[in-house]
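Consider the single chain below, provided in structure tokens and representing the form predicted alone.
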Amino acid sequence: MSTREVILTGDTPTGQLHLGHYVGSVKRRVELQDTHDCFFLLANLHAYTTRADHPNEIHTDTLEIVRDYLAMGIDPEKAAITLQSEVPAILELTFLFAMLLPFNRVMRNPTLKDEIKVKGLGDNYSFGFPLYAVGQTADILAFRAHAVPVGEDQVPHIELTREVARRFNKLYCGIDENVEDDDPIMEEQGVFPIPKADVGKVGRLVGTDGVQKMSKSLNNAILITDTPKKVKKKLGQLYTGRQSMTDPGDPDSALMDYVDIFITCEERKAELKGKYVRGDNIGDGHIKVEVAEAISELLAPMQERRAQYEGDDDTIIDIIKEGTARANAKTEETLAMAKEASGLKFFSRELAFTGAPV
């Protein structure tokens, strides 16, 4: 049995991953895979909450995300790339956890409310859409994760997960109401550790519109497969509101965020920012070109790695199957513990996953 702490995070397949995913979460995952037991979830069931009428697209997008993971540096020998729809313990725990959360608490989740607004759903969303917020708690707790690498917009989901873990442990495991989250007894006597959000250095990357968080659905994203020409064109659209190269620039602008994140030479970074805020004869266009070149330099090795897996679905599926087998070993153990604690266990069971094609 491993004594390393467990990391769980993942992505809903809505298309290829982009630069915001990398700097906000995946870069941190690559660091953690050497020191923790990592499970990275392909949340294909969550994709059905808004795209149930596009199953073939979701299937394709799921495979593309794996290619992006491999391109960005995730090593399937170190981290288990896991398919949500083939981990039945997650679904069983989702149902159980739904009983521990008041409906109005779920609907107060600011991330959920923002998604309803950004996606223009109004009141026109499936029952499964708010349920996915509960499902995310099961995604995390099924693995008994200690930490979740996320962008800052996902922190409310982690807080909801912490509430569920806390309530379960105190309701079913006899842990006193006054026990703090970081008390060792919470994990020793309870089923679930209380997971923490692991927000990377870049909690939120603004998209190329200069306003909204980077998102493919908002058409403001730089994909990791974008050519240098595309990167330059997309970054050229970044709005700053500055009128001329002699106007002092806003040090907190999206453009300066990009300089902070992607210009790696500290001296050059300081020089660009200093000239920009002083209005020292440096145009937005010049800075954008320099940042675009830095981004393309970052993306080049990713694109080379990704090219190795283009058109090779069999290898991608083998990686998913192996990672999912590791995930089921972990989550079935968790489910048995949770059923024992909550009075749902009447006999032991063993599930067989043949991995045979259908």
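One-based numbering along the sequence shown. Bear in mind the structure is a predicted one, so any value in this text is a computation, not a measurement.
Missing here is the form predicted in complex with a small molecule; even so, the following discussion is about that form.
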The small molecule in the predicted bound form: contacted by all of E86, N328 and T331, heavy atom 4.5 Å: no
Determine which one of 74-82, 93-101, 134-142, 275-283 lies within 4.5 Å of the small molecule in the predicted bound form, judging by heavy atom distances; exactly one does. 134-142
Given that the small molecule is not shown alongside this chain, does G20 nevertheless sit within 4.5 Å of it in the predicted bound form, heavy atom to heavy atom? no
Residue-level contact is defined here as any heavy atom of the residue lying within 4.5 Å of the small molecule in the predicted bound form; does L235 satisfy this criterion? no
Report yes if any heavy atom of S253 sits within 4.5 Å of a heavy atom of the small molecule in the predicted bound form; otherwise report no. no
May I ask you to check whether N220 falls inside a 4.5 Å heavy atom distance of the small molecule in the predicted bound form? no
Please pick, from M186, M214, V150, L112, the one residue with any non-hydrogen atom lying within 4.5 angstroms of the small molecule in the predicted bound form. V150
Exactly one of Q154, N169, T208, T225 comes within 4.5 Å of the small molecule in the predicted bound form through a heavy atom, and that residue is Q154
